[in-house]
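This document opens with one chain alone, in structure tokens, the form predicted alone.
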């Protein structure tokens, strides 16, 4: 099927850039496909051509530090295909993607999926109203187009991204009306036991404390332990109400940015028939790999947050480990060189993961946001409520795929990306089963919108690359 390429990497985030750069240094033909128009992924989005006047001052040194990684990749011999939206893969390592309104096809011996993460859904009554936006989407607009809200938003949820976004807005001279923090008190106690191991990531912890200090100094109200969140308004957002430490609060707002952490994007690993496992520590599904990033399907490798949420530093390390493993299989390095080069990386990765244990314990989403109230819209595409999912669960529905047939939940534009976790959790709780037992949505190609005309204009080669 299509052109043959020894190595294909999907995704130009930290992991994919690192893997492609390293593999190309050994004179291996490697092609990197990415749906963005410039490399960097979400964390380093448009870092080489930022529209913000002083990106390091506004977005932070961690962001601008990614430019060196991007530059090394662009200077390498790797074949770079931007604007390539991958809509299909399979266990035979055949890759289909859309570019310039036509479909292209590749066959590879080694498929490296570095597709990153997506925001976890945070459903509550009224979250479907215009004016409610995810914090990740707000940051994408800031990084890619230097777009920021004219009206002061309220940030709702938990996780480092909320603090980072508030701090970035402050650096732009913008106001944030309030931060409604949903991390429950018991999570702080659960995280304490992981604090000694997290010292390896103390720079990140210190950075978080600095964000908090600057937020407090700016006079932004911070509400702790929030629950019973509800968006107010009929056709558009008018405000939110919530409970915080035993008190009820109502805040007027035209914009609310929500965030409850991130989960791996698993549509492509599912299409490739990679085995998944449920991670109780992160309350999400992950693709199984060995320590060298190879999945349960021969020749399919998974790296970065698209495999498991571990952050940018671990993503880069996993990209290096995966690249060395592929180079060994291609006989570009021998076992001795592989052991010598990979062992220190495995040690470094293990140390870095200790910080992740702390963050997972602290920011694990509370059950009140995983299984929302009956009136909450679970599937915003098809307007399916939590009450409907509970009703079909009581009627004997065995999992999300059957729920899709009964309710159309998961059949909308997002193809279940934003309702899958909630549907599975609701069925599991109603039937007193584990989410691991309930399962997940099956997927079929194309996983992105594709017209018959675009498919009919398919080609086996795409030489117009940057």
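Just so it is clear, the model here is predicted, and its values are computed rather than measured. Positions refer to the first chain, counted from 1.
Keep in mind that the form predicted in complex with a small molecule is not shown, yet the notes after this line are about it.
Relative to the small molecule in the predicted bound form, residues 121, 400 and 415 are all farther than 4.5 Å at every heavy atom.
Only one of 181 to 189, 156 to 164, 219 to 227, 289 to 297 places residue heavy atoms within 4.5 angstroms of the small molecule in the predicted bound form, namely 156 to 164.
Of the residues 430, 56, 35, 29, just one reaches the small molecule in the predicted bound form with a heavy atom at 4.5 Å or closer; this is 35.
Out of the listed residues 111, 317, 86, 256, 86 is the one that sits within 4.5 Å of the small molecule in the predicted bound form by at least one heavy atom.
Heavy atoms of residue 140 reach within 4.5 Å of the small molecule in the predicted bound form, making it an interface residue. Contact check for residue 447: a heavy atom falls within 4.5 Å of the small molecule in the predicted bound form. For the chain shown alone, residue 64 is not a contact residue for the small molecule in the predicted bound form, no non-hydrogen atom being within 4.5 angstroms. Mapping the unseen interface onto this chain, residue 326 falls outside it, with no heavy atom inside 4.5 Å of the small molecule in the predicted bound form.
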